[in-house]
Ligand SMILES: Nc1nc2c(c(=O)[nH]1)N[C@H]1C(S)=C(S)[C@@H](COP(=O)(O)O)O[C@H]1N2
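Only one chain is included here, represented as structure tokens and corresponding to the form predicted on its own.
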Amino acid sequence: MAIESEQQSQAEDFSAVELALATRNHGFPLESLRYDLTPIGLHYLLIHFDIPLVDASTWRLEIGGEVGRPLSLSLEELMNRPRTSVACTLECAGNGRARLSPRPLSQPWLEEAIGNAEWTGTPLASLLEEAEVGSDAVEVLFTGLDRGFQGDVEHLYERSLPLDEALRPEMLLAYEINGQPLPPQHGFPLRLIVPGWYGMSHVKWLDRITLITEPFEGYQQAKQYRTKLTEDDPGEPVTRIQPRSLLVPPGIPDFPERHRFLSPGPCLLEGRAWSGWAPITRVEVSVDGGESWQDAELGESTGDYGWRRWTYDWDAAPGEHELCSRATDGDGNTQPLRAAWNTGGYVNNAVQRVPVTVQP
């Protein structure tokens, strides 16, 4: 089959480096879109360096820099502070990277770098207020315990946020996911949750929080997670999640190509949609590869920052079809049919395409 030849050719193009990344990290099986909250083991996972081994009995979170009252808090002290939860859709900024051509060399995500979980912890804003943020502070720097080399630069994984963003009431220092303690791979004992932003901002294995008086220029901020057209191009920083809709693959798959097969007649298409800019207000579905579109029915959202379920009744006729869905949010942002290329393969929210065969 022509499809098999094309898929085989694409697979042969993947490098050993990409294969090593793909086996170390893992994606989200798209059939799991049926869950309101993603079971922990099905949530996508991306780890830049090694998973740190942390002794919770001696670990402490340090808060310092441009503050009037530095803080040093144990996990027990953090867990005794006011507690809150937020349901939040996380998505890797590189989701869809493997669909781009030429393909940037990094974790080769297709569409599966997502998850929607309930995170529990203590609000960040109250801790910053307690630390008495100085008048010269402009950003908040979050430092994790994971360390390694990237771009020939040895560094701890660090990211910063503008001060006004860090003070949002929904910003969370999380020690639980879906009612359970954070597992090591998800940032035990403490991680940052930044609702609405791509996953690179949700720093795991938090070690310290530093109020700084100048914009942070560390490697993961100044060199990575920017939509650059060339390596010399400074690009624009990646921030909030662009709207995306994904379809639960209907019918049954073959192995290993995952092509879908289903019977003719009534078929309920379903999926989830989300955006970091504003709530989802519309999802459209196409069964002819984007030639025509029909509105789907929207369900309830899982909180202000969680995904929204949608459904569409399709009368499946025998033959070959390409199913698509696209999301629009309350700010008017809509998924494109094709994504703009950049050197890191970031923010590729192009419409998903699911080929199916409806058998007579």
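All residue numbers refer to positions in the sequence shown, first residue = 1. Only a predicted model underlies this, so the values are computations on that prediction, with no experimental measurement involved.
This next part talks about the form predicted together with the named molecule, which is not shown.
At the 4.5 Å threshold, heavy atoms of Gln185 reach the named molecule in the predicted bound form. Though the partner is left out of this view, Leu46 does reach within 4.5 Å of the named molecule in the predicted bound form, counting heavy atoms only. Although the partner is absent here, Val287 is not a contact residue: none of its heavy atoms lies within 4.5 angstroms of the named molecule in the predicted bound form. In the predicted bound form, the named molecule lies within 4.5 Å of some heavy atom of Met200.
This chain is drawn without the named molecule; in the predicted bound form, the residue among Pro108, Gly196, Pro189, Gly144 with a heavy atom within 4.5 Å of it is Gly144.
For the residues Cys92, Ala98, Leu247, Met171, the 4.5 Å heavy atom test against the named molecule in the predicted bound form is passed only by Cys92.
Here the chain stands by itself, but in the predicted bound form one stretch of 160 to 168, 257 to 265, 202 to 210, 73 to 81, 202 to 210, has heavy atoms within 4.5 Å of the named molecule. Contacts between 64 to 82 and the named molecule, taken as any heavy atom within 4.5 Å in the predicted bound form, involve no residue at all.
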